[in-house]
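Here you get one chain, nothing else, as structure tokens; it is the form predicted on its own.
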Amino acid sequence: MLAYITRRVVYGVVTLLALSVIVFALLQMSGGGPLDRLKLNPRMQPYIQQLTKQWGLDQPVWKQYLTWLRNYVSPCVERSQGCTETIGLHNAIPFVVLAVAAVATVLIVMKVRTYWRAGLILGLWVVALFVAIQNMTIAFDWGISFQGAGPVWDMIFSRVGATFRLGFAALFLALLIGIPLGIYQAIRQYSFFDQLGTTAAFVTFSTPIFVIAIALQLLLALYLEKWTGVKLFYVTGMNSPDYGDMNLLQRLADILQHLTLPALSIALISLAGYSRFQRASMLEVLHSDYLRTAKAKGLPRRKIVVKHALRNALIPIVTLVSLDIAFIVSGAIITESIFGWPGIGRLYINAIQTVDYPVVMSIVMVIGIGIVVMNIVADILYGVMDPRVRYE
């Protein structure tokens, strides 16, 4: 198991290096220099010289890439007074916590033989990530935005919480509705509800996300308010201007009013995919030999479906969810622009428009790291959920 995880981590690092080379090359071929806008202002010459020296912009392309890579993986402690690589033992607490969580995960997979293994692993990592984030004092020297907007690390991680909120809500809605929908369609195969769900899934899955987002804005925000006289949902922003003066219940309601439409616009496409995959997987399991045996023994239909069929039918969804993270992030980039959501999606679009290399590269690599990590987690959960899987 440990050897398999190590091998996957090595493959992941190679994948991320290849991704960085490809994206860096595409940015170089996009036309125009990253400092062209700054050169229009004569007062920016000292700043231009600083950036040129820091990123090696006067060097060949391959040296610029190596300079960016060295800066990207260089840790620092004090960003406000210049990045230093002097790291003390107290700065290593988050990494120690994550390492302990990784070892504990391996032990749980090897030693625990109950149905609670997946829950134990999930709870372990929730606690580990919370402790790591609370004790995080190390940043990385991702440089300063070429447009003078400040340190790239601060720019990204001041917005990543908003994108995480939107993506998690979309994933939660998609799983909450899509999986039960697929199960019910499989149980009621070829019924009117099954045909209706199949048609709706194909229509939704083939509709561009910006069309869905605009349609939701029109139907559930503008027209619904016009018809009922009550404003249930907002079409822009993450909070109301008077959010700070609200009590707890009012804040929760305000968050839901702003979050529902952008999360639903992303979730609908994933929901359609989950329901189709879950239906197909459930039908395959329901027609298997061991379920026929369970039926022949006279077990109740509910017990057969919930206890015996559902667990094996959920296995393909694990891989689908891990791969869907990329779609959710790409959907969030479009959705954030439409709904004015202050996440990394809007930052990414603005960085592309202004040819802000450090911001674009950093966001792409953060997304790539997240996808690689999710794929490794999915492979581990495969072994947790399916006893037939063995890691040699």
Partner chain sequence: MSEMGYQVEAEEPDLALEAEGLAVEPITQWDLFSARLRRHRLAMVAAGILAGLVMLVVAAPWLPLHDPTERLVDEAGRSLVNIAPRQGLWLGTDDLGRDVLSRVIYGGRASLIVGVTAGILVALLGTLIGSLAGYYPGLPDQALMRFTDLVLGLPLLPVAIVVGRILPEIPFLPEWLKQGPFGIALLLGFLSWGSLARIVRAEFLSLREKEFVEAARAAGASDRRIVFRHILPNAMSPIIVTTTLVVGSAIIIEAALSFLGFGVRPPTPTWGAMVAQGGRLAVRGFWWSLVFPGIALVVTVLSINFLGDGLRDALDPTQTIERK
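Since the model is a prediction, treat every value here as computed from it, not as a measurement. Positions refer to the first chain, counted from 1.
We do not show the form predicted in complex with the partner chain, though everything after this point is about it.
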### Query
Just to confirm, Y348 within 4.5 Å of the partner chain in the predicted bound form by heavy atoms?
yes
### Task
Tell me, yes or no, whether F193 is in contact with the partner chain in the predicted bound form, where a contact means a heavy atom of each within 4.5 Å.
no
### Query
So in the predicted bound form, does any heavy atom of F202 sit within 4.5 Å of the partner chain?
yes
### Message
Please tell me whether any heavy atom belonging to P316 falls inside 4.5 Å of a heavy atom of the partner chain, as the geometry stands in the predicted bound form.
### Response
yes
### Message
By the heavy atom within 4.5 Å rule, which residue out of V355, L69, L57, I48 makes contact with the partner chain in the predicted bound form?
### Response
V355
### Message
If the criterion is a non-hydrogen atom within 4.5 angstroms, does every one of F277, V360 and I367 touch the partner chain in the predicted bound form?
### Response
yes
## Note on the structure
With a 4.5 Å heavy atom cut-off to the partner chain in the predicted bound form, the contacting stretch among 97-105, 151-159, 240-248, 210-218 is 210-218
